[in-house]
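Presented below, as structure tokens, is a lone chain in the form predicted on its own.
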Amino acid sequence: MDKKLKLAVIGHPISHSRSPEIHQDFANQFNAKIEFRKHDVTSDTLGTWLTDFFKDGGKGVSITLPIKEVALSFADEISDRARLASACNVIYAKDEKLFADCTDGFGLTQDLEGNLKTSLKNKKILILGAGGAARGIIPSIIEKYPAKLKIANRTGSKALLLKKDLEGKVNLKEKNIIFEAGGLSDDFLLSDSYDIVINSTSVSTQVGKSIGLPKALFSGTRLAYDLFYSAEKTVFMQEAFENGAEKVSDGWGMLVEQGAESFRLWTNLIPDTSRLLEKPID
């Protein structure tokens, strides 16, 4: 790659994103030249921004909250991963077309099973939240054959819609996966114990705000995982650990691993993630 590759990450807000540093680390491994910038883009400005970016020689875009779902409509081709998720976190140019993909689920399962040595097979898993972040990871979790998957959202009807959407695309009975969805009521949350609890809500980005979950929820939980990443323990991680979770983790490993998969889509190069996982960027 002699020419500098034009890349970007977009979302709202976006100032916190560490994607430029991560992808620069990947590029350095191959002496590749890239330009990777952050852009604050909302759903209202997304279409115009994408048109201008790719018209001006852009190669690939990482997409973060809250535009992962709406971004799907701007692609010419959609991968199976993005189709199942009804959301995308990557759009890239190839053969004069725009391709949408979703590498979030790949990043999560790679971090859970490869880095944290936590198998998903035959496990009972609770996902908190039913937005674009949850949509992005659920298809990949299903492919690991958990025994049970439960989605809980503050607005229970949104969780039920997500469940209905997925059931229209995947035969969960054939995979012997029990799939439930509902609200954040204690009755619904505490009707099971969970091996893994995953937070996909934005509560961890709101300083000082409690997630407000029943303490008994984490009794017997092997891993409480926050999709969001932070230099300190997130509120979710703190509450989970204090209330009985054996182990807690933020989403740094997921971010690095999904970034590596995105980098592969853009460049056909597979970067080594180990250095970033051992020593996160300051």
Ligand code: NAP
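Throughout, we count residues from 1 along the sequence that is shown. Because the structure is predicted, anything quoted here is derived from the model rather than measured.
This protein has a second form, the form predicted in complex with this ligand, left out of what is shown; the following refers to that one.
Handout entry: Full three-residue contact with this ligand in the predicted complex, heavy atom 4.5 Å, for 8, 58 and 262
Key = No, the whole trio is out of contact, none within 4.5 Å by any heavy atom.
Exercise for the section: Just give me the single entry in 245, 255, 41, 217 that has a non-hydrogen atom within 4.5 angstroms of this ligand in the predicted complex. Expected result: For this set of options, the contacting one is 255.
Practice task
Find the only residue in 197, 130, 82, 112 having a heavy atom within 4.5 Å of this ligand in the predicted complex.
Solution key: Selected option: 130.
Handout entry: Proximity of residue 173 to this ligand in the predicted complex, heavy atoms at 4.5 Å
Key = Residue-level check for residue 173: no, no contact with this ligand.
Handout entry: Contact test in the predicted complex: residue 26 vs this ligand, heavy atoms, 4.5 Å
Key = No - in the predicted complex, heavy atoms of residue 26 and this ligand never come within 4.5 Å of each other.
Exercise for the section: Find out whether any non-hydrogen atom of residue 140 is located within 4.5 angstroms of this ligand in the predicted complex, and reply yes or no. Expected result: Outside the cut-off, so no.
Practice task
With heavy atoms only and a cut-off of 4.5 Å, decide whether residue 94 touches this ligand in the predicted complex.
Solution key: No - in the predicted complex, heavy atoms of residue 94 and this ligand never come within 4.5 Å of each other.
Problem - Partner-proximal stretch of 150 to 158, 185 to 193, 94 to 102, 113 to 121 relative to this ligand in the predicted complex, 4.5 angstroms, heavy atom - result: After filtering at 4.5 Å, what remains is 150 to 158.
Problem - Contacts with this ligand in the predicted complex - residues in 54 to 71 whose heavy atoms fall within 4.5 Å - result: 65, 68, in sequence order.
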